[in-house]
Every structure is written in C-alpha cells, then in structure tokens.
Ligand code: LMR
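Presented below, as structure tokens, is a lone chain in the form predicted on its own.
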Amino acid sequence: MFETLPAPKLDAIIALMQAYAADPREGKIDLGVGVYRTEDGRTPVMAAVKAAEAQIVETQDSKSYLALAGDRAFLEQMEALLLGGAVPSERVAAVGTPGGTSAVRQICELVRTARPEAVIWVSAQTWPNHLPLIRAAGLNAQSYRYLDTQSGGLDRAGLFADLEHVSAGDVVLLHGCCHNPTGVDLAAQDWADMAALLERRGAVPFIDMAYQGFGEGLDADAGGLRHLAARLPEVLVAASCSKNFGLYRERVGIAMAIVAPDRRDTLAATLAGLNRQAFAFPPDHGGRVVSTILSDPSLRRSWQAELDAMRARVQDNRRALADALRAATGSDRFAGVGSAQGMFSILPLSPAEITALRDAHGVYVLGDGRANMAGLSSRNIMACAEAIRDVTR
C-alpha cells in the first residue's frame, strides 16, 4: 500500500525548531517558535490557569461525553469575549475544537460543504498553515497584497485593489489582530472600509483570532471583528486560546458562524456534524479552564492582569529591538518593528542574510524573516541587533 507514498515536506516551523534544538552554541537565540516567553525564556502556566485547574480537579465528578459542540459554558463565555454583545446570540452558531488550527480547518470544511466553488482570499503574508489547511479541505485560495515591504506598514492601496476582484460567495480571510507574521494590523477606518467592500461584493469575512489581548487589549483587539459582525449578514470566526491563556498543549479553540437567526440552527447542526466526522467530541479540560476563568470575577481579573503584563513585555521588546537596530545600523530600515503589534514582525532580510544570521550568529528566524518578539530578552536584544547589523553590511 505505502510503497509509493512520498515523504511529506517538513513544516518550516518544525524544521527550525529541530535545527535550534540541535545547535550546541551558548547564546543562541530562538525567534522562530510562536510561543510567549518570559525574560528568562520560560513559557509559564498562568496563575489563573493553575487556580482554575485546581478548582476543576476538586469539583469535577465525571469525565463522560459532552455534546458534539463541546461545553456550552465555554462557547457562551468565548462568544462574549470575542463579540462583546455586538450581535444577539440568536445569530451565533459555535463549536469547540482542538485548538485554533482545527477551528480554521472546520470553517474551511463548512465553506466547502456550503459552497465548494468558493475562493478563499488570503493575505500574501500569512500564517504558514493557512494555505495547507485550505487546500486540504479541497478549496481554492487566492492571495491579496498586504505588507508594504518598503515602509514595513500596510499596503492599503494594494489590499483594497486586489479585493475588488472577489466574487459573491467568496471568503476573505482576515487576521483579527496581531497579524501573523507581519505584526501590521488594520486600523479602525480600514475595518470600516473592509466591511463596505465585502458588503458591496457579497463576500464573507473569515476572521482568524489567535492573539486577542496581545495587541492593544481584549476589547480593542476584537473591534474589527465586532464591527464586521454587527454590519454584515454572515461572518466566520476561528479563535484560539493558546496564546492569551497560555494553553498551547491543551488545544483550545472555537469555530463560529454568525448568520441570520433563521439559519442559525442549521449552521450549528452542520458544525456539530463536522466535529463528529473529524474528532467527535472536542477536548474539554482546556475549554473548562477558560470558562472557569472567564466566569469567576477574581480569576478573570488575575488572568487579565497577567495578560496585560505579557502584552507590555512584548511591546517593550519591540521598541528595544527597534532602538538597538537603529543604533547598530545607523538607519531606520527596521523602524517598522517598533510600531507593529503582537508577537511577530517580519525582518526585512534576504534569504542569504537569514541563513547567515543562523549559521554565523545562532539567531533563528523563519525563512520569510518572521521573528517572535517574545523570544527576546534584555540579555540578547543587543546581540541580536549586532548580528543583524553584521549580516546586512
């Protein structure tokens, strides 16, 4: 059966992780893997998560199956966190999923089930797994311009010019905040103009919300999603709790469709059916941790304070790296690093410079230049800047 099965191409992020782990050098710097790290390089369990888990262990009296959609309390709390009451619950169909990755896949499966000829439009720079997930679901993808590589900001004109070509029933994938990998987000006016374009073209937005709370704050980061949800008849959402709750290995996600009230039950049943086909019941522990935190005022305050501190640390790292690069290179070539949002930025480096950065200096970034700002610390920011200076001379 398997004689002709080709070996799969190793995912770029996994390959970088393996190369970093095999590097014996002291002082190597990992800016590749997309996890939050503290000043001393740890990815900690949040205090609110520990407290919620202790509470669950003490009170939970069964591990029996829940519904195919997952725990209702988790779905309701996540709806409130994401949408903030922007639309009535009668318009929201949602299911729990094993992480944000599975949420993206389930939304793609939903699109394929409803309109297999739909094209999913994806920003030219995006999370490396978006296109494989779209294609694995049997859908076609089309790119639109996003990053202005000269300024390091948004290519607004290119973005809106490209999206003028979307057809009715097509899907436009947008990062809700903290765009991965660029760190360049849409402004409030961009979201308003996006809503107008999608409404005029008859296209459906698909919001991937993986970093809520890491940009400007929980509510501000959801502002674009809430605007689209309130204005447009149909909106698709995939969200992850990996980053903002630190629940990477627990795989906590949600897939959501915002539709007219008379279509809500059909969408809910379809999403539940897609869960049944893929993995049956979504995992419960991580989702229960999230719902426990969000429903307990004390735990929620603790969680939000810790999340705010994490966001501030990443932003401090951004500014410090931008300042160090300006001092080291004597130019503003890397100024965009300091003004972006979230964990990631794309360093404007050539493939040869990225290779030299790794081979000569032990600084690991992805092949497109994506760098995780949370991988920096006060101990290595200057070394990182000097390494970038050396490879760009």
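Start at 1 and count along the sequence shown; that's the residue number. It should be emphasised that the depicted structure is a prediction, and the values quoted were computed from it without experimental measurement.
Just so it is clear, the following notes concern the form predicted together with the named molecule, a form of the same protein that is not shown.
J.: Report yes if all three of Gly217, Arg311 and Gln341 come within 4.5 Å of the named molecule in the predicted complex by some heavy atom, otherwise no.
T.: No: no residue has a heavy atom within 4.5 Å of the partner.
J.: Look at the stretches 324-332, 29-37, 58-66, 348-356 and give the one with heavy atoms within 4.5 Å of the named molecule in the predicted complex.
T.: Of the options given, it is 29-37.
J.: In the predicted complex, which of the listed residues (Arg288, Lys243, His175, Arg105) lies with a heavy atom within 4.5 Å of the named molecule?
T.: In short, Lys243.
J.: Taking the named molecule in the predicted complex as the reference, which of Asn275, Asn180, Asn317, Ser123 has a non-hydrogen atom within 4.5 Å?
T.: Comparing distances to the named molecule in the predicted complex, the residue within 4.5 Å is Asn180.
J.: Would you check, heavy atoms only and a 4.5 Å threshold, whether Phe74 touches the named molecule in the predicted complex?
T.: Although the named molecule is absent here, Phe74 would stay clear of it in the predicted complex, with no heavy atoms inside 4.5 Å.
J.: Test of understanding: in the predicted complex, would Met382 fall inside 4.5 Å of the named molecule by heavy atoms?
T.: Answer no; every heavy atom of Met382 is more than 4.5 Å from the named molecule in the predicted complex.
J.: Under a 4.5 Å heavy atom criterion, is Ile13 part of the interface with the named molecule in the predicted complex?
T.: Because a heavy atom of Ile13 falls inside 4.5 Å of the named molecule in the predicted complex, the answer is yes.
J.: Residue-level question: is Trp127 within 4.5 Å of the named molecule in the predicted complex, judged on heavy atoms?
T.: Although the named molecule is absent here, Trp127 would touch it in the predicted complex, with heavy atoms inside 4.5 Å.
J.: Can you tell me which bits of 366-384 touch the named molecule in the predicted complex, meaning any heavy atom within 4.5 Å?
T.: Stretch hits: a single one, Arg370.
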